[in-house]
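Below sits a lone chain in structure tokens, taken as the form predicted on its own.
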């Protein structure tokens, strides 16, 4: 079988040129490395888009899944049977979350976690309007996509969810838009797909206070920034504010698909009355997924990977400051999450293409396509990281001189 030909003919495509026309046929992955069918090794500088934060095939996660798979995998649709992996994961999560976030609805991924959060907010408040921020990304399902400001996506699938107010992220002028008609404000504490856009602490505090004043639920999307990526277990800890609802996924499962919508018991109770089964899910809370997620969280804590992200930040800053000091390049970084801004989109695409040829995997941001993403596994070898970053800098300088 010609896997490349089969891939393009029978696997539904969402881009005319995945991986810039050179999709890799990966046959093995371990920690920060991937190997293709020809045996070439690649450094994954984006962790499969912030998924493999504990590295690919972390031994603790692999063993936990293997051990539980021999007992049971799927039993029943969500919420109808007591499953110990769900309980054990919730117990582990409560140890790293604020006390108010103590009730869990498990999903199969991030988009669904957002969908659940929106349904809860409308149901709990009885209001219809939703405030979201420009250049945010919350997923590609119908309601999640409606929060986006990517016009060519919105127009292609319109009409979408009504009642969405979109405003500027980080602008104090946005605070006044939060009024008694708004059910919820949905935001990333740190915008990911706009290229690591970090708001001020004053903005986040004012937003939290305004939501409390007006009875509006504050929803944080930490699907990309959660589980140690920014140097703290959750990005909202940088700002000293706590959301009413928290959505997590990506790095949560160590490579296994899983997500969760978390709130208080009072707010979450909206799902089980008037009507019952306010949200239904066949595979949410799957035993293997919850087992993998618990093992992933344990690995992060035992290996102090959220602390290690701070060291990764220092390395990224040091390499960029040393290698790019006489250039016009800009960069932003918090923890193990960085963005390197190039001249334009064409330069970013070409850098990603040349980096791939050099055995380095990176990509650009959805709402900032002239910036490339730096989000390596939190347990990446520091020397491997430095070498890959130096190669990226050299490539970027050469491109800028053409």
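Residue numbers count along the first chain shown, from 1. Keep in mind that this is a model prediction, so the values were computed, not measured.
Keep in mind that the form predicted together with a small molecule is missing from the display, and what follows is about it.
Colleague: Using a 4.5 angstroms cut-off on non-hydrogen atoms, would residue 138 count as touching the small molecule in the predicted bound form?
Modeller: Heavy-atom contact with the small molecule at 4.5 Å: present for residue 138.
Colleague: When the contact criterion is heavy atoms within 4.5 Å, does residue 111 count as touching the small molecule in the predicted bound form?
Modeller: Residue 111: contacts the small molecule in the predicted bound form.
Colleague: Is residue 223 part of the interface with the small molecule in the predicted bound form - any heavy atom within 4.5 Å?
Modeller: Residue 223 belongs to the contact set for the small molecule.
Colleague: My question is simply whether residue 229 lines the interface with the small molecule in the predicted bound form - judged by any non-hydrogen atom within 4.5 Å.
Modeller: Because no heavy atom of residue 229 falls inside 4.5 Å of the small molecule in the predicted bound form, the answer is no.
Colleague: Pick from 130-138, 148-156, 262-270, 288-296: which stretch has non-hydrogen atoms within 4.5 Å of the small molecule in the predicted bound form?
Modeller: Flagged stretch: 130-138.
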